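Presented as structure tokens, the chain that follows is alone, the form predicted on its own.
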């Protein structure tokens, strides 16, 4: 699978979430601010090179991590990436683990999701003249890109969970123990706040989109101790694995 064209117009993008507001060893060549019909994206698109390969980076929560999950302009973010020529997106997200193998520190590549969010602008087809389109969403993530991530993670010796159900909650608060028990009954394996509508918008935009979920804590009621303490301990470990994954996905030229 080719992850990009020439470095002057990279087709591969990383959306960075909590813990990945900037990308180590990224050579910035240009900051591109793109106005969209939906307003401004979370931040300027950072266009440059990683391992000598062309890459676009977008900080989902804005520079300095100041935009909460429910207030992110997901439509502007995805529209801007497509306008910049991006065709493939790896979305990095910090999540809580529910299933027993989704322990803090591991990375996972979910293959399914359940949307518990509400009130977010969740489609480009909103009745404002863009027409009506019902996208296929039975398999919400790009199987091509997801399997490529799984393949290179194994080659790099990374501990990664190859499937799972991502539950997208509204935030910015964390979930109650009762909500996590409900999600367990629903079959959810990991919980985050930014998976929707980002995933569906990427499908509407025709982008190959996969999620790299970084487990930074056990979900509420599943472990002793404070959740925020778990997050601090696991975030650096998990993001280190993301960096190694990107090095394997985008080998040096």
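Residue numbers count along the first chain shown, from 1. Just so we're clear, the structure is a prediction, and the values are computed from it rather than from any experiment.
From this point on, the text means the form predicted together with a small molecule, which you will not see here.
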The single option of 149, 81, 90, 95 touching the small molecule in the predicted bound form, heavy atom within 4.5 Å: 95
Residue among 55, 212, 216, 201 with a heavy atom within 4.5 Å of the small molecule in the predicted bound form: 216
Candidate stretches 154-162, 119-127, 141-149, 172-180 - the one whose heavy atoms come within 4.5 Å of the small molecule in the predicted bound form: 172-180
is_contact(residue 41, the small molecule) in the predicted bound form, heavy atom dist at most 4.5 Å: no
Contact test in the predicted bound form: residue 195 vs the small molecule, heavy atoms, 4.5 Å: no
Interface membership of residue 59, the small molecule in the predicted bound form, 4.5 Å heavy atom rule: no
